[in-house]
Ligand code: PEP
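Next up: just one chain, as structure tokens, the form predicted alone.
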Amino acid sequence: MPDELFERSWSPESWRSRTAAQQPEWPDEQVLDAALDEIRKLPPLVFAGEARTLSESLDAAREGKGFLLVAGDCAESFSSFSADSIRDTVRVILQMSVVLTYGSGVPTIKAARMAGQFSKPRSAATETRDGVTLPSFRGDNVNDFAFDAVARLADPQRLVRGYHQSAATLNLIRAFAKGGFADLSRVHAWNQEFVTSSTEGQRYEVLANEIDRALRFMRACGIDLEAELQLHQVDVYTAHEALILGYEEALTRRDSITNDWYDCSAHLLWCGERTRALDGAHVEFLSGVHNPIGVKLGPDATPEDAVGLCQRLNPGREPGRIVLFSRMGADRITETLPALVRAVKLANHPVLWACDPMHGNTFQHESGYKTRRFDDIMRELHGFFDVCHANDEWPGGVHVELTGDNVTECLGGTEKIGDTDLKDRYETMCDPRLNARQSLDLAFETAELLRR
């Protein structure tokens, strides 16, 4: 579509003139409007200055001076919300970031898939069980997981509840990041019991001992470690798919310093494979906010798609604004991704390339459980690195769904979760997640790839 069709003024509600995919069928528009009006009056969840700092870090990563880790739950839950679950997920992210930073020699940019990942796109609007057809579960921001006619009705008050749970989650994340939990001297304490006894945990302990020795050496050299804030505090940003556009619009605020619009529901927002239509409502909305923006590119994405999205979302070619996440599947990435990388590079768009090695490798197991093979996840990640190296691009990040809980949802890893293990601790409401051991597995192997 010609660029001139998009040359017009933007406002937070501009998306309403476009086709909006994956939106719930709200039963009462007045109730929806009242809920969104309530959210509009609430404080922002994140701040424009934080989003700008993230953009600067992403630009450095694009130049090979950093690596982006986006990690967290497939879909956050109202029912399983607790301080312990937030702490455990943050702990896994900190563990992974230490492994990645120590192995690669570049800073790890930490973006948690938390404090807003309550909505999910669906392949079908309805779900049928035993002859009963109901609306699909679209995440706790919309309806309930229970297969019940009342539970599956879209309820706008859930958006308000999602906002408040996001605020509480962010409060805890910031406390963990700045209040001592993330102190590098606690690197041993981050090892959970069920990880400590594993191969990954033992490998992590070796790394932790090396960090301890390095800290003791610096202290012996007279360096005042207490004065080095980077050793005691970290930045943990938040990220989610900008799916329910009314909610995102309600949290879009004009920055008092730059006068630019920012979506203050998260630092990093992305449009997914099902919502990246160039003339669609999601791309229209994201084109006007100044947050860093991600785009998921699946196996059917074309070079024209990739270049068109970059032009649409970042016509001024601002560095640090666009992250392109490949999600091709292990069997497709090396044949599909190279043409996209070359086209974007030829068009001179400054993007950070990252890999989502999970969504393209999901399948229905014969037992009925939706799962992923760890080997497929790593094959796709290896393919991504190979393509980046072959095209002289820095492999700038990874996007994974994980949990701090000891679940058995993805097959394989060094603990060798097998077909019969899926039923033991399969707890996800949507897509299968890596557990802490598998997450450390992935971090160590990714660090090896970066070290090359």
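One-based numbering along the sequence shown. Here the structure is a predicted model, which means the values were calculated and not measured.
There is also a form predicted together with ligand PEP; it is not shown, and the following applies to it.
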Exercise. May I ask you to check whether W270 falls inside a 4.5 Å heavy atom distance of ligand PEP in the predicted bound form?
Key: yes
Self-check item: Non-hydrogen atom contact D356 with ligand PEP in the predicted bound form at 4.5 angstroms
Solution: yes
Quiz item: Could you tell me if E401 has a non-hydrogen atom within 4.5 Å of ligand PEP in the predicted bound form?
Solution: yes
Quiz item: So in the predicted bound form, does any heavy atom of R332 sit within 4.5 Å of ligand PEP?
Solution: no
Quiz item: Is it true that R52, H290 and L352 each have at least one non-hydrogen atom within 4.5 Å of ligand PEP in the predicted bound form?
Solution: no
Self-check item: Sole residue of P315, P319, P299, P121 within 4.5 Å of ligand PEP in the predicted bound form, by heavy atom
Solution: P121
Quiz item: in the predicted bound form, which of the listed residues (R138, H282, R113, K110) lies with a heavy atom within 4.5 Å of ligand PEP?
Solution: R113
Quiz item: Of these, 273-281, 160-168, 373-381, 247-255, which stretch puts a heavy atom within 4.5 angstroms of ligand PEP in the predicted bound form?
Solution: 273-281
Exercise. Any residue of 427-450 with a heavy atom within 4.5 Å of ligand PEP in the predicted bound form counts; write them all down in order.
Key: D431
